[in-house]
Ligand SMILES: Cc1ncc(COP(=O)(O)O)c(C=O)c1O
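Take a look at this single chain, the form predicted on its own, given in structure tokens.
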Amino acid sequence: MAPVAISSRRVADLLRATTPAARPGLPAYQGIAEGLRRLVADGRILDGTRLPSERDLTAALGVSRTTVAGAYAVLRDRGYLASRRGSGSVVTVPGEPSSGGPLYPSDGLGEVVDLSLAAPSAPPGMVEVFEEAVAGLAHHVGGSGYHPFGLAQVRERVAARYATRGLPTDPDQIILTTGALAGLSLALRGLIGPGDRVLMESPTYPNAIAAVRDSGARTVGLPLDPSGLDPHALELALRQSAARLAYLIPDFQNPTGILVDEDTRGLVGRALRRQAAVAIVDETPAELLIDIEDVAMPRPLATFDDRVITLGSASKTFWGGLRVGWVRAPLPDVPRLQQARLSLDLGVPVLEQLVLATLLDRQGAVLEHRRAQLRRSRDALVGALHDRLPDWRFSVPPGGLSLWCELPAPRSTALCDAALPLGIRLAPGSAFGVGGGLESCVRIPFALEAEVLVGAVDGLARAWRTAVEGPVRPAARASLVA
């Protein structure tokens, strides 16, 4: 297949928008080469893209042809550009290709569009942030490198993030972890024992279900209303099950996208207190707003119940490859959570903590880009589903990363089976159920680019026809769902 071309005007616009001012004494060709390298590293120009000819880019940038030729030569020397007969100058990414991400080989099926992962790619500038963090590492290499609860400067930034959302937080309430899932495991280890019951919304995040069960606790499902979390049903389930903990996702719930309003949060907080239950609140999707403004977001659930344990993560807001999360706990609970932490691991890598600190300092620009991309992708997916699969029913969430679709027939697993040979990987609805079931539902993330999703819906329409006509297979859990 011929390489996809990018126009000289588009390259020029990207360079002007993303390249910092040239350093004094830096030759122009090196500045252009460095700008193009960053665009490739950030995924703004993809591997295999054909760059404009030297002549066309010379005109678009208003520089000499010698300058552009020098920039291309630097990129070739560094392994970012290859000259192919009949194709011109084609972008290459040095090193081995990743086996993860939206497209990867699977079981000899060729490239697969992975809709089992609600995980966006890194925002522009991520490579530059890592490079800045490496420079800042010099201040830390003289020490042991062990920071079991996190660097103070990072915990301060995370605490400030809560304060801006209406929840005053002491940095001593923050423990950094290797992601929100690690934070959940830490909270479970510190707060309950084998045989204890944990109430969980159903549907919910599959890896959280696995974490609770692996801890030795017993899961109790709370079916979600189409309108969201019902405080009265929550209280009744807590009373009947005697569950000590409740795992909740009130902000753009995974997988439904439901946002719990502030009044309901107050009722939930009171129900938890009356039943002497503690909520572990997963706020991983909390900043992925699409249709609402920050000022309109409900306050965190911990505002309404000061015993709440809150989980956060950089994975959805910034990038899944940045394995940093955190636990915000009431001060009286911190010592036992710290003790539990020491039995799990000895801390998050210092470099990744420094990266997170930088991202939190500039999160306004990052979130603006992330939300705009999600809005484009969500709207494209909604339009394609309405056009190609009009019998599928779903509510359009005001944020988050996915649509929770109700199918006309309970054939979710059959749909996943039929979609995979067509190059589309899905997680069956049963993977999200605390007690199984949910074969009439499927989650469709909109983390990928709009054009990829529109193409995937064409394949889903074909797969659905096959699923409806084929035999029924018992529901199966997906091996990896994020």
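Note that residue numbering follows the sequence shown and begins at 1. Since we're looking at a predicted model, the values are computed, not measured.
The discussion below concerns the form predicted together with this ligand, not included here.
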Query raised in the report: Any chance Ala180 has a heavy atom within 4.5 Å of this ligand in the model of the complex?
Result: yes
Query raised in the report: Heavy atoms within 4.5 Å of this ligand in the model of the complex: does Phe318 have any?
Result: no
Requested in this report: Flag Trp404 as yes or no: does it have a non-hydrogen atom within 4.5 angstroms of any non-hydrogen atom of this ligand in the model of the complex?
Outcome: no
Query raised in the report: According to a 4.5 angstroms non-hydrogen atom cut-off, is Thr284 in contact with this ligand in the model of the complex?
Result: yes
Query raised in the report: Ile249, Leu238, Leu222, Ala302: which sits within 4.5 Å of this ligand in the model of the complex by any heavy atom?
Result: Ile249
Query raised in the report: Between the options Arg323, Arg197, Arg165, Arg157, which residue brings a heavy atom to within 4.5 Å of this ligand in the model of the complex?
Result: Arg323
Requested in this report: Determine which one of 272-280, 127-135, 180-188, 360-368 lies within 4.5 Å of this ligand in the model of the complex, judging by heavy atom distances; exactly one does.
Outcome: 180-188
